[in-house]
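Just the one chain here, laid out as structure tokens, in the form predicted alone.
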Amino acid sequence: MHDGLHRRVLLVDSGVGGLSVAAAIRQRVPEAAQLYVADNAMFPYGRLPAPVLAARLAGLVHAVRARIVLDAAVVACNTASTAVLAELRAALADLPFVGVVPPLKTAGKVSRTRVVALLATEGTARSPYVDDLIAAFLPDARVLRPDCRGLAVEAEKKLRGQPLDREVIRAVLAGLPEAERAAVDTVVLGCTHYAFLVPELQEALGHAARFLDPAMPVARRLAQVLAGLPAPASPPDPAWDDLALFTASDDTLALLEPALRRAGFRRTALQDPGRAVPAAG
């Protein structure tokens, strides 16, 4: 990689689930400066039709690029990656994009019981993209896709230090047939938010299982992308690098400061960030 200290990477998610990806990137590519945009005005992304979501994300990226030079962008959200990553790459062909893919290929390699639980939003779990991954890498396995409604909200609460609704977390796995749940030996995390709930999900499952988080594979892929780029065009800008922005004000955003600091974001714009990155559309 040419002088990685001058690399600048944008991460976008509808909330702060992408902080799990940001932390992995800091481990794998510590020299890259990150700008995190939490599009909480549109949380969760799963409720948006694909054309609206694609336009929204493209608008946010355009707004950032109007102010700073980016080397790459990471769509730190499984829902957005499976739904509109191709559209983003077509609309912004001069900017490398890295998306988040549920690690089903790895599950196919490591599962011994051939019973795998995929925890993902409805849009991700039932997407043709995920169906293709299962057909390619787990054709002989039973892939369970429980209703994960409410899990992302619980992860957002946990990162704010707020009390969790344990029943919401328990219900995700309790809804599976008992015999199948008992046979699960691999749990695939298909949402970046869910990485923060692994201890609670493990407890709800009731027995030991391997949890597969997509964050580190994303970080490794980003490292490959950055290594293949020409020399950076601009030096770091302290006003933007390692900054976390939010697209909507929220009375609870100040509670996220400790989680943002742990993820390496030294500066945060928790109020009226629209003046820095205007909302798209």
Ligand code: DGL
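Keep in mind that what you see is a predicted model, and the values were worked out from it rather than measured. Residues carry their position along the shown sequence, with the first being 1.
Only in words, not in the display: the form predicted in complex with D-glutamic acid (DGL), which the text now covers.
Here the marked residues Ser111, Thr186 and Phe211 all miss D-glutamic acid (DGL) in the model of the complex; none has a heavy atom within 4.5 angstroms. Picking from 72-80, 196-204, 159-167, 87-95 the stretch near D-glutamic acid (DGL) in the model of the complex, with a 4.5 Å limit on heavy atoms, gives 72-80. Although the partner is absent from this view, Pro217 stays clear of D-glutamic acid (DGL) in the model of the complex, with no non-hydrogen atom inside 4.5 angstroms. Contact check for Phe246: every heavy atom lies farther than 4.5 Å from D-glutamic acid (DGL) in the model of the complex. Proximity of Val116 to D-glutamic acid (DGL) in the model of the complex falls outside the 4.5 Å heavy atom cutoff.
Not displayed here, D-glutamic acid (DGL) is kept clear of Ala107 by more than 4.5 Å at the level of heavy atoms in the model of the complex. Looking at 22-59, the residues that come within 4.5 Å of D-glutamic acid (DGL) in the model of the complex, counting any heavy atom, are Phe43, Pro44, Tyr45, Gly46.
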